[in-house]
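In structure tokens, the next block holds one chain alone, the form predicted on its own.
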Amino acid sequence: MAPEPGAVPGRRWSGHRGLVLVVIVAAGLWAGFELDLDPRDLLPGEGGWAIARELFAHALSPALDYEDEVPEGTRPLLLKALEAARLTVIFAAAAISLSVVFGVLLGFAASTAWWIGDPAGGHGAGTVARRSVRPLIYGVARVVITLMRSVHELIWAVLLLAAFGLSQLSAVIAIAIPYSGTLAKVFSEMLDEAPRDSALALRAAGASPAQVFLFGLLPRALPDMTAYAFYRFECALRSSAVLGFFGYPTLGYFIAASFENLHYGEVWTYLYTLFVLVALADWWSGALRRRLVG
């Protein structure tokens, strides 16, 4: 249908966007009313103000040594912080490595660029069978991805702790499960959105479906997939640190222990260590993303 005379392109969509914004604001106000949210609840009592003042008073003077007596032979505080940072990186690297493997496999299964249709054409019995099985695999993969992404790593940590106890493998799997689902979803979309010129050329030349995927689609999507995997590694560092609050020897464990003992200078030492760790990972992954995608 031709646009009406004098109509401004995009005006209808702008109106829809305004309506969506109004609905979002109304939903937020309704949720706040239902939850009885009151900004005054954020004001701590006298004891809370005292803790906050003392905590933030140490922000500019983090501890360089322990604030209490420690047994003879205990490693220096800064070395302890570096060791906690090293373990945080190890947990994150192990989790993201598993996540990438399962993310690629599930993303491959959930990609419409591969599973829907027959790239090689044909009407034989084998082709018909493949066309029947592929939508089923696609649907199952999508359901599995959704289930993995629906549960946060902290909930997985609680469940795995209850089932298997405090083990390092439980911590790695707790991070890897939701990250695998997230990577799989994004990888499948990147495969679907990758340029198809090479894949179409291979298909026209009679290449097999596996060859079309491996040499036509995957190389075009691989730079974006790699860049996103590095970004998720940054997120895994933070998740690894948070798992320390469950008892794993990452930075979160020592932050929680120092806070409970009122050693606020040590708290900031570990917090700054985490900040530097994430900043270095961000700089490193950003440089790699610029080389791969830029």
Partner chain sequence: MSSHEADPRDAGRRDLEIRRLYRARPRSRFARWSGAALVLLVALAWSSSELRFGDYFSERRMANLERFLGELRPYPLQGKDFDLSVAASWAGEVLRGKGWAAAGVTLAMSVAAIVLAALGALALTLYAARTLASPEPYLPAPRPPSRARLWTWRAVVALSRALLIFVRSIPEYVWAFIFLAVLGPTAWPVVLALAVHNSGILGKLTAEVVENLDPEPLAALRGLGASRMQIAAAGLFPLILPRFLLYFFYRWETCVREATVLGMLGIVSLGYWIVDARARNHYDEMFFFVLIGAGIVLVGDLVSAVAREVIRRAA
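Numbering follows the first chain given and starts at 1. Throughout, rigid core stands for the largest set of C-alpha atoms superposing within 1.5 Å between the two forms. Because the structure is a prediction, the values reported are computed rather than measured.
Beyond what is shown, the protein has a form predicted together with the partner chain; the following relates to that form.
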Within 4.5 Å, heavy atoms only: does Val172 come near the partner chain in the predicted bound form?
yes
Is Val242 one of the residues lying within 4.5 Å of the partner chain in the predicted bound form, judged by heavy atom distances?
yes
Please run the contact check for Ala162 against the partner chain in the predicted bound form: heavy atoms, 4.5 angstroms, yes or no?
yes
Leu218 near the partner chain in the predicted bound form, any heavy atom under 4.5 Å?
no
Interface segment, criterion being heavy atoms within 4.5 Å of the partner chain in the predicted bound form, picked from 172-180, 133-141, 104-112, 71-79:
172-180
Residues within stretch 137-164 having a non-hydrogen atom within 4.5 Å of the partner chain in the predicted bound form:
Thr146, Arg149, Ser150, Val151, His152, Leu154, Ile155, Val158, Leu159, Leu160, Leu161, Ala162, Ala163, Phe164
Core-aligned CA displacement of Gly32 at least 2 Å between the shown form and the other one
yes
